[in-house]
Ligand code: G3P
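Taking the form predicted on its own, here's one chain by itself in structure tokens.
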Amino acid sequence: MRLPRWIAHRGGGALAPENTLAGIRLAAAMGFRAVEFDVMLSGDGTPVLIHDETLERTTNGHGRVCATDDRSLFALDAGQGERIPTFGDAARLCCELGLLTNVEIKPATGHERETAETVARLAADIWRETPDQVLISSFVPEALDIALELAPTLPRGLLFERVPPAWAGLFRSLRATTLHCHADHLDDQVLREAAALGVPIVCYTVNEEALARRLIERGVSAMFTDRLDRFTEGAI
């Protein structure tokens, strides 16, 4: 899979409200060729862009996302007057802007299967003609297994904070495409194994130039960043 070096984290990084359409538009306007966002189900089962299981940090609402109905959810302010977007709206915007889209399946506790099924089916429909423009990732292996079953043509990214020693077996069983991990927890053994298998490594969240240069020198393929003002494509 051909990855841009830089992926705008949660849409617009630190320069726009996270996981919003405004953030996605900003990333594209600044020259980013790829964005990442998180998808969770509302209380009505609608896939929406939000990172936390609760509403307090990123909106003016309160309570659990999975217990909040759509009418209440879409009335909230997600920052600077932005609304929480549906996955469908965000995905179609990314297609219009020509952005590679990393969709992270972020299920609320107890909603792993239904979230993965909903996201995989909708992603398969939206990117039916352009499967190389989307990457489905998750910390939950079950979610990727479901994505493999329901949307086998879409690339999958296996996501860890720290990559476990036996990662390669799980990677193969999920027919994954990329391996994602925390930039501070990437060890040389994993790098060697990934290089031998031809597996691209993608690191999060890289906001400092010195760290970015070290990761590139070590062979990392792509990085998520909040600092869109520092890391436009070709900057490093």
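The first residue of the sequence shown is number 1, and the count goes up from there. The model shown is predicted, which means the values in this text are computed figures rather than measured ones.
The discussion below concerns the form predicted together with this ligand, not included here.
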### Task
Tell me, out of Arg175, His51, Arg64, Arg33, which residue has a non-hydrogen atom within 4.5 angstroms of this ligand in the model of the complex.
His51
### Query
Do Phe171 and this ligand come within 4.5 Å of each other in the model of the complex, heavy atoms counted?
no
### Message
At 4.5 Å between heavy atoms, is Lys106 in contact with this ligand in the model of the complex?
### Response
yes
### Query
With the cut-off set at 4.5 Å between non-hydrogen atoms, does Phe139 touch this ligand in the model of the complex?
yes
### Query
Looking at the partner-bound form in the model of the complex, is Tyr204 within 4.5 Å of this ligand by any heavy atom?
yes
### Summary
Within 4.5 Å of this ligand in the model of the complex by heavy atoms, the stretch out of 120-128, 70-78, 148-156, 98-106 is 98-106
### Stretch 1-40 - residues with a heavy atom within 4.5 Å of this ligand in the model of the complex
His9, Arg10, Glu36, Asp38
